[in-house]
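Below you will find one chain, with nothing else, as structure tokens; this is the form predicted alone, and questions on how it binds or moves follow later.
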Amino acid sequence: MVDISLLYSAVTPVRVFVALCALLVIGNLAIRLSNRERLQFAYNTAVLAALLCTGGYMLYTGAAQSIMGLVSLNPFSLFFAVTMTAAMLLVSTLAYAYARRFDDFALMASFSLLGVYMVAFASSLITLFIGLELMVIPTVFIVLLSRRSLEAALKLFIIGSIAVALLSFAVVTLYGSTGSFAIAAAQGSGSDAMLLFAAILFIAALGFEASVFPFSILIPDVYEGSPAYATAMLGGINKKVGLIALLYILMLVFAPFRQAFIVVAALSVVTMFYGNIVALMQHNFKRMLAYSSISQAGYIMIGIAAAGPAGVGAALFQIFAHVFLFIGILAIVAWLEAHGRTEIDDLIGLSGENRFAAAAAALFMLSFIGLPFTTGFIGKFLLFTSAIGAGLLWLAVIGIINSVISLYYYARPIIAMYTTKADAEPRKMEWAVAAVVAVCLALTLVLGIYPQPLIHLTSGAATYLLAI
């Protein structure tokens, strides 16, 4: 007779999570062959929800486990994984409403999410490298699902190719200095110059992935030329993975090298100014949001430059906040694009057509600025205070100045939406879009009013990361 207790003891949350990852890819592949999109959406949503619940349970219980020295499950990696799983669930719902072939999207997105998990759980440079490539390559094909996005996909491929080349060079340089692929503190005696060179290469390579200036020149073209659901995935998931990977590498490998963090601080300044100043001159709504997203990467880098528990926690909080702010606003953009409205002037009269869409878009943009009682305000407050605590008052002041600059270009679409239009007719949102917007708006407001649970998670993740 089989001992049921032994069978139950073999079923651990980690094994369930791995099994669900396999089911996500295999199931989406099998259903893709049958061309049944409703079944594909239901299956994909169910497995993503199960992954979210399993990851959330492991995060809640404080699971920590290393497997073969290649992957590591801990509070930091689990927070990362849970956030990106929730983001993918929302992007998948948005794609179901607007993707020309949702079954192709679901299959490509499942491979991309596996890449995200590999980056999240990486404890080896090899795992990190493979994970980033597994995330980026399917995303190029997702952009190509729209027949009009060939140029955007080509530019995204170019960005990814340059990032791969630099990352390969960085990994080889670091291995030549340390003799190990493990993501651990680099101990260099006579090789400090080479290690610093490796740090610069990592910053450049992951800067391409994270849309950091000057590595973000092509990003606005990619965002504008891609379908809105693909742009939501790029800005809400892929670019945030690049930022977290940069944070992860710098804090674990190059923490003793202050020069690397000076470079990060300098890049933070130019990224904020570039994104905000160029956004002032945009007329296309999605392109304006692209430059806004670049400036947000600059704000997040303030936390990385602070290089302490407060800075890392603040960066993680702002990453979480921007993930759902960006996906929420892009869901509204997707709805507008479906009606042929792409310019900021096309937003005139939106409040008379759909009050919920106008109010949600306005709140998302006000949160980008840093309106109190939103996650954007809490994130920026934590970032600026962490910079001041690290002796970087000048960087916090520059961040505040850039927040004031951003007020001017966010005001334009808000004013347009609440400008009266004589022939405005009521327009309804598709249920999928309304659901995505509602979830993102709820997270923005609830965690903006009561941020303690999220601050507790991000602080715990930061403390664990710096204690490794």
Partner chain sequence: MFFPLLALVPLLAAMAVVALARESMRFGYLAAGASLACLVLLFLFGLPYGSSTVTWFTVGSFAFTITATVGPLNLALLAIVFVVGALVHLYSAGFMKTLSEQRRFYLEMIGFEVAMAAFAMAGSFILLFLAWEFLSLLSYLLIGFWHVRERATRAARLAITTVLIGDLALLAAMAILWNLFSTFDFAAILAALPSHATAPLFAAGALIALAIFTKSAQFPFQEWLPEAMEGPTPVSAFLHSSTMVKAGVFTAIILLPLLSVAGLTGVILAFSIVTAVIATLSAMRETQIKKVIAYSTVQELSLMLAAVASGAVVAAIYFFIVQSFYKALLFFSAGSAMKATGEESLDRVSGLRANRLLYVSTLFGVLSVAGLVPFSGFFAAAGISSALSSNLIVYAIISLVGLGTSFFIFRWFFLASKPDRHGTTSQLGYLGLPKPMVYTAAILAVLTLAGSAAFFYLPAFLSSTGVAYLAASIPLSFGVVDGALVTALFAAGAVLSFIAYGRARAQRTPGKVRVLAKVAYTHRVFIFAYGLCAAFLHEISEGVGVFERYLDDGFVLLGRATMAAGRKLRLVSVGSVNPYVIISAAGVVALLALAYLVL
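Numbering follows the first chain given and starts at 1. Because the structure is predicted, anything quoted here is derived from the model rather than measured.
A second form of this protein, the form predicted together with its partner chain, is not displayed here; the remarks below concern that form.
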Using heavy atoms only and a 4.5 Å cut-off, decide whether all three of P214, I277 and T420 touch its partner chain in the predicted bound form. yes
Please run the contact check for Q259 against its partner chain in the predicted bound form: heavy atoms, 4.5 angstroms, yes or no? yes
Answer for E224 alone: is it within 4.5 Å of its partner chain in the predicted bound form, judged on heavy atom distances? yes
Even though its partner chain is not shown here, does I455 get within 4.5 Å of it in the predicted bound form, heavy atoms only? yes
Is A411 a contact residue for its partner chain in the predicted bound form, using a 4.5 Å heavy atom cut-off? yes
Of Q282, S292, S123, T178, which one comes within 4.5 Å of its partner chain in the predicted bound form, counting heavy atoms only? Q282
Just one of A390, I159, L250, V333 has a heavy atom within 4.5 angstroms of its partner chain in the predicted bound form, so which one? I159
Using a 4.5 Å heavy atom cut-off, which of 114 to 122, 86 to 94, 128 to 136, 196 to 204 contacts its partner chain in the predicted bound form? 196 to 204
Can you name the residues of 147 to 175 that have a non-hydrogen atom within 4.5 angstroms of its partner chain in the predicted bound form? E151, L154, K155, I158, I159, I162, L166
